[in-house]
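In structure tokens, one chain follows: the form predicted alone.
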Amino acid sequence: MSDVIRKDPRKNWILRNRLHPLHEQVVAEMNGPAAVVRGPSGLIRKNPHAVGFIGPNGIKRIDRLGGSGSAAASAKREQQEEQLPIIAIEQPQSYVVVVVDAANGELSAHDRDVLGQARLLADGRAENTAVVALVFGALKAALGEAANPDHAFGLAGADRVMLFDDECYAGFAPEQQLEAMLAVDRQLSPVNWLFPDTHLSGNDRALRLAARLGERPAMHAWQIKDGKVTSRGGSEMTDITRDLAAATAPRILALASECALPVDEARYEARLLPLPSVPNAMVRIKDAGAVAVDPNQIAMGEAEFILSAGNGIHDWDQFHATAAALGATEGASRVAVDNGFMPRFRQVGATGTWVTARVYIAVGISGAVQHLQGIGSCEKVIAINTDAGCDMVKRADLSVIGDSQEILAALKARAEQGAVAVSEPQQGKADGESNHNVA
């Protein structure tokens, strides 16, 4: 037999054809051992020699975005999460409480960072310490039972969950939320209170709790290491370090984003705890709801919903109308800005503005490396493009392949229908009340 390695033209053709029914099987044969395996201790181990995938042209590619750029990678990540063993703490001796923001009813990246830091603090203690996630307001997805492997809080590192979902806790309700935190403090006596240092809720809650308990909190903390917490001070020009083992150690910590890595190789029980008895607070501040503002008046770096245009946009009037109907802040690629269709301050990317939107819709943007860097912190990326193999489609969590004009027209029509459906019941209710008063 000859030792010359010969290529199989049929296998090479299957590798290039992603729609072939044998494509995945041939890819597995060509790539050799699995890239991710589970070791004897239950931890996920990665084989560096098998990292990557075969692209549509038969060239091996490596996903530099951590697997967040394709639906296949997301499905694989969900499958790995289902296989994670549940870590349970039956009788905790102490607690670390994390008051999450849970904006729009779901955990944010900042919340997961703080839960990851709480996990480090709890695991570093000698006694069994449980991490408690305290949530104010309703969640987008209903909480499951303790053994539910898809539990978002369990995957984020929480052993227990306390959900204050009554209407009196929704929105900005600082007095009632403070009474609830004080009740939890009396019931659990946590060793630490952790908050995401956000100006909307976490910062305010931490300061109110510290003032009521008469404690000195650690605000703007960005690192906890070797038993010490480091905070930003002096207009963020200096660092303030405090010893967590000292008698005057801060028990209340407001943590910056990326203070720690989120939990990714374990899932915890996330058992629901019964709520303590909370007295009714004297309400002096009432949440009147969000103020309607022009989305384009919001700074690009602070916008939560961005509709971004690239070279694939041919009807700019339609793009502006769609952004207005969706209530999205307008963004643009460098090509659209250089061609004079959008102002320079609308440019998204490493050479423009780094954005952290919760939803980022890229219309007709191929995905240059500078643009992908600028949207690296966006939670959900949606790509609308005619090229199914462009880098933006590979990066996106959801891709729509088709003509941008047709898709934007459908988006605009759907948004206008939703606005009419919301306004009609309110109008009917107002009319009914008016008739009742007249009668």
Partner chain sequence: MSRDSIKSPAATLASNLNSSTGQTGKPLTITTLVSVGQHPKSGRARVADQDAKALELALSLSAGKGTAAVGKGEAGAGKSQINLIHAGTATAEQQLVLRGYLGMGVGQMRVLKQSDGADVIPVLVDAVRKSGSDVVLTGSRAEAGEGSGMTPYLVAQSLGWPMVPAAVEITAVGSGEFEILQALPRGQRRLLKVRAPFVASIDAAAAEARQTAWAAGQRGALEHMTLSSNDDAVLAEAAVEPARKRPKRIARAKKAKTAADRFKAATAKSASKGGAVLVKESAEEKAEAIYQMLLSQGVLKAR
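All figures in this text were calculated on a predicted structure; none of them were measured in a lab. For clarity, a rigid core is taken as the largest C-alpha set superposing within 1.5 Å between two forms. Positions refer to the first chain, counted from 1.
Missing here is the form predicted in complex with its partner chain; even so, the following discussion is about that form.
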| query | finding |
| --- | --- |
| Partner-contacting position among 227, 279, 233, 105 - heavy atom within 4.5 Å of its partner chain in the predicted bound form | 233 |
| Residue (of 88, 359, 272, 139) lying close to its partner chain in the predicted bound form, criterion heavy atoms within 4.5 Å | 359 |
| Residue 186, heavy atom within 4.5 angstroms of its partner chain in the predicted bound form | no |
| Contact flag, residue 312 vs its partner chain in the predicted bound form, heavy atom cut 4.5 Å | no |
| Heavy atom of residue 29 within 4.5 Å of its partner chain in the predicted bound form | no |
| 4.5 Å heavy atom contact, residue 241 to its partner chain in the predicted bound form | yes |
| Location of its partner chain contact in the predicted bound form, chosen stretch of 129-137, 187-195, 334-342, 283-291 [non-hydrogen atom, 4.5 Å] | 283-291 |
| Those residues of 290-317 which, in the predicted bound form, come within 4.5 Å of its partner chain by heavy atom | 290, 291, 293, 298, 302, 303, 304, 305 |
| Core-superposed comparison between this form and the one not shown, residue 229 Cα displacement 2 Å or beyond | no |
| Shift of residue 175 between this form and the one not shown at or above 2 Å (CA, core fit) | no |
